[in-house]
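In the form predicted on its own, a lone chain appears below as structure tokens.
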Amino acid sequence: MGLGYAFREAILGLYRARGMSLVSIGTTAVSLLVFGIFLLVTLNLYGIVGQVRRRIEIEVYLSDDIDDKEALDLKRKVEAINGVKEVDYIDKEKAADEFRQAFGEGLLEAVSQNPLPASLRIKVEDTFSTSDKIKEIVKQIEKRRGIEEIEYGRQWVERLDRLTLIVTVADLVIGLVIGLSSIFVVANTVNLTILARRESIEIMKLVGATDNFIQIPFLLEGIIGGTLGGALASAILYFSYNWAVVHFPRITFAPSNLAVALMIPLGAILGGLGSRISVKRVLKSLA
């Protein structure tokens, strides 16, 4: 059987059973749309967690007996620690300026001299923003001379780690449920479409058509229908995402390209698998 003939038969099959075909395409679109929304929500949740983690900083307060030269030497040593992304030296004057901007002039003016310590403000690499990795960095820093205190919001970072773990586990469970539900719904809808044409399959079998001759047009039919369903889900997802971006400008949304692009190949795979399983089941019952 030529591919051109099989493709024409697939198109004709979709047209002849257009009612059931539309139901199958619609079901595929809805199932994939739900899965696509889940993917976008997941990407945005991880995007938010990533943004929060990028704000994590280690504040190293220096002793008053350490001068600028020693502080800058310490800064260079800290920069060489694995996982450290950036180190800023905040001298006493700059610390006072930041305090005034945050709390006003009055409090510092009430004391005779600047009580604020110099510090090193450290940003870590994204892969080192968990509590365990930050503790490793802190252990290496606190061995150095001239360190008064190190602060990085340990309890807050540990809570963020726990939240990330909860989100990951929930994400896997929900993703598995939605994915399996989508496969089940699409496969059963395609199965109904094939069963409605059982008589045609039986006639072809009686006149001597081979299993491959019968299966290929149905397989292509399923792939075409699944692709159309995926394209519909992709279009709805794309326009919904853009609508959300325009109407909620204060929220930073994760890019939608991955979720949108996945819908069409997923639709083709689901449609093809559903058709193949259903046709094989019918052929087996006729054997």
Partner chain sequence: MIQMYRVSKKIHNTTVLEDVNLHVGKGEFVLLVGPSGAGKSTLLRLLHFDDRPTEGWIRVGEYSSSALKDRQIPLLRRKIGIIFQDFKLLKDRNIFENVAFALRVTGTRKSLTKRKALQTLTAVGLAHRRDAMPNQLSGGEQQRVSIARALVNDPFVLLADEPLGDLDKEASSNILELLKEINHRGTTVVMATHDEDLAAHMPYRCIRIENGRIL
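Positions refer to the first chain, counted from 1. What you are looking at is a predicted structure, and each value in this text was computed from that prediction instead of being measured.
Another form, the form predicted in complex with the partner chain, is not on view; read the next lines as being about it.
Stretch 197-205 is the answer when you ask which of 160-168, 87-95, 127-135, 197-205 has residues with heavy atoms within 4.5 Å of the partner chain in the predicted bound form. In the predicted bound form, no heavy atom of Y152 sits within 4.5 Å of the partner chain. Contact check for R8: a heavy atom falls within 4.5 Å of the partner chain in the predicted bound form. Among residues of the shown chain, A71 is not one whose heavy atoms approach the partner chain to within 4.5 Å in the predicted bound form. Taking the partner from the other structure, the partner chain in the predicted bound form has no heavy atom within 4.5 Å of any heavy atom of F99.
Though the partner chain is absent from this view, in the predicted bound form it lies within 4.5 Å of a heavy atom of just one residue from N114, T210, S181, N82, which is T210.
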